[in-house]
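The data below hold one chain only, encoded as structure tokens and taken in the form predicted on its own.
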């Protein structure tokens, strides 16, 4: 059995791949999309998985992994139960960070931005693109709320499967929808040998459509 201390004392050489100002796109979304495609092509597990960090109603930060379902020049989109813990946090403090940890590529991207719900049409379009089982589960689960047992949840699912058999429409619950993170800071991190990593960060004033500025940070 591996000693936990051995895991904590590991030192990994992250290689010689570079991230240079001359080779990065002028728009961070364009650069992100290029890295996302490369992550998928190089078989990163769930390349669109991201750690979402929020500030709760009580001011306490929290994080969890969600899936990115859309990205363009308007922002980064994910979907969830908007009455969940993260949904309530974003209603109280509409700002978030997204961390894409592409460990096998020795890369990460950190997005910070303002958050707003997407419109109903966009939420509907994604909801009805989901597999039938996912729509049933999304309806059955009042995400983040306590429940007596796993059996109780499975009974809810069974009832809904009878009400909405395979092939039928499962309507989108009013509480379920998307959020868009409109970035004002995007950091690209490339691991390098001896911890001399490359860190390039794009930034601009929150809420502004001004051009992006770019600077290098020390590792």
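Remember, it's a predicted structure, so these values are computed and weren't measured experimentally. Residue numbers count along the first chain shown, from 1.
In what follows, reference is made to the form predicted together with a small molecule, a form of this protein that is not presented.
Residue-level contacts in the model of the complex: of 160, 55, 29, 66, one residue has a heavy atom within 4.5 Å of the small molecule, and it is 66.
None of 123, 139, 80, 97 but one reaches within 4.5 angstroms of the small molecule in the model of the complex through a heavy atom, and that residue is 80. Listed stretches are 98-106, 113-121, 131-139, 83-91; the contact stretch with the small molecule in the model of the complex is 83-91, by a heavy atom cutoff of 4.5 Å.
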